[in-house]
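Single chain ahead, written as structure tokens, the form predicted alone.
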């Protein structure tokens, strides 16, 4: 059965111009040719935007295209290639929007097409192998890079340039691609489905640092929601809590997770001002997982009507 391949630009599609700077120039058909042009894959261009320019509206359009491919056009898998800068966010958003009946696999490259050792063709071949694999169905959206298969909920970009940048910090990848064979070692927990059809909410994200300026937090409170990456297990400077408590009373959803990016936030260990017990007493929600992904969960949840239980959504970590 056919696989749909959507090319969305990014490093995998980049070549060097006369100024010796890389820009996206390769379309989906050209990239498919570099990966051996398998007969069961249909290539389609989805745009050449830098991945840092993608929006939630763009991702809703991508989700609609995948849905149409599966429901109306007979495709049994989908591969997307894009810039690596926002792969983890794109994958996680698509992962939460729908329980996909067939594999949805995202890949890219860390070395553009004019560099020695370019990794795009191999990554694309591996991604197509996963999209064909029956055992990949039901795993949600997957990221395939460097021969590893990562779940959207866990994967993160850990290095600015290394080809081995994509990791799943807590339990590692779900599986591997070896000689074209797809090997699944574990299956992730089911994620909540947050089927927003339009994005009605705006959620800001702040990383809390030593001696954080309250003015920065106050400026972010004009949104529908605010996610703060707190220190340690999810702690904030005590001087921020009155401001956040007032915002929560006015209806802004305030959630705190850990800036470490790994492990769940605490719920009932510390009793100091600004620690988790104090924050929850003030109406601030504790969340689990990296702030980038907590923000996505909260944005989608606040865009739904009726609104789902936010405590459950924010705790749906992996």
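All figures in this text were calculated on a predicted structure; none of them were measured in a lab. Numbering follows the first chain given and starts at 1.
This next part talks about the form predicted in complex with aspartic acid, which is not shown.
The stretch among 47-55, 280-288, 27-35, 252-260 whose residues place heavy atoms within 4.5 Å of aspartic acid in the predicted complex is 47-55. Here the marked residues 10, 84 and 157 all reach aspartic acid in the predicted complex, each with a heavy atom within 4.5 angstroms. Out of the listed residues 174, 91, 247, 109, 109 is the one that sits within 4.5 Å of aspartic acid in the predicted complex by at least one heavy atom.
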